[in-house]
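Just so you know, structure 1 and structure 2 below are the same protein chain in two forms, each on its own as structure tokens.
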Structure 1
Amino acid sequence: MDAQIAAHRAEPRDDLTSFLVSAELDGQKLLPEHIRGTMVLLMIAGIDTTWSAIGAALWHLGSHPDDRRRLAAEPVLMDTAVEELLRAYAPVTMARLVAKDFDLGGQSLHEGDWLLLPFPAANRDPEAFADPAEVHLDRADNRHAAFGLGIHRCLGSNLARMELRVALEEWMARYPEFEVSDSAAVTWSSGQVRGPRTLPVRVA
């Protein structure tokens, strides 16, 4: 990253690194660690999140032939399908550090405690979603939390949506007939970003 920043200082171009190098906040240029940190954050936040979402969507379609056939026959469903697959297989769980002691739903939280925000669980809350455990590719009412909530809500959500839509459109156009070929061989990551890591498929 430092080499990339130095090369862009020497020779500015029309890209994100040069944008950050020349950006100002309150009349001051950004500190080098701020530029580097922003680049690292964008890279980390933008990579395994999207490939996990794309992988989970392909896993679903490859193991639910009715949904795969329906999406192949009705590409107009793509927008709602993308949101529904994000809801059902939300890849990201975040955490917060408790700033001061307080009670939440009868639990005492103490300054310095870590608190997990399990967005995937929120997305299957029966009080918020009808039929939460089922995937409905045409689900219209879908205010899911896959991109988080509040001031830290995902900065790249619309880029992520586009990546997921383009990946599925291209895949379905090229391989409308496909299936998970060996479900016992499928592996999923665990932890804060969840998605398939091994996904053997058979294409027709």
Structure 2
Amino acid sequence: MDAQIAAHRAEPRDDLTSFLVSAELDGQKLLPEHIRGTMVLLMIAGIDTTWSAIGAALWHLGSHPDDRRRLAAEPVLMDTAVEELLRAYAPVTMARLVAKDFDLGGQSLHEGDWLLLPFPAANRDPEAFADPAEVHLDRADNRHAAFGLGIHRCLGSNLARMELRVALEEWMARYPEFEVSDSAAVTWSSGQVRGPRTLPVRVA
């Protein structure tokens, strides 16, 4: 990354690295570590989250044969299925810094506090989703928060959707018959990104 930054300082071009090199924050050029950190974040932010979403989708389909058979028989459902699997197994929990003092559900929050926003829990809110604990591959009304909402919405959300859709389309085309072979052997990550890390499957 440092070599990339140095090369773009010496020879600016029309790309993201040169944009960061020339960017200013409060009238000051960004520090090299800020530029490097932003580049690393953009490079890796969509890796763990996306493969976790793909893994969770395969886990669901491999554990729920009715849904797997339906998706195999009705590939037209893929778009709504992708959104529903993102809703049901949102891979990310984010933190936000409290900007000013306020009360949330009787809990006092203060400026500078950290607040954890569990997107998976929001996606199972019964006031926002009918039958929230169940996966419905044809769910049409699905304004989920898997990518966040508003100004902090994930920059790569459309790319992630495409990657998940293509991965599932290719997997289902090649392996329409598969199942989780040992549910006790499935392991899940913990922390801000959640998804299966060990997922043994048996294909027909």
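Numbers given to residues start at 1 and step along the sequence of structure 1. The term rigid core refers to the most C-alpha atoms you can superpose between the two forms while keeping them within 1.5 Å. Computed from a predicted structure; not experimentally measured.
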Quick check on the two chains I just loaded: which one is the form predicted alone, 1 or 2? 2
Post core alignment: residue 101 C-alpha displaced by 2 Å or more between the two structures: yes
Verify the C-alpha shift of residue 18 between the two structures: is it 2 Å or more after superposing the core? yes
Smaller rigid part's rotation against the larger between the two structures, whole degrees? 28
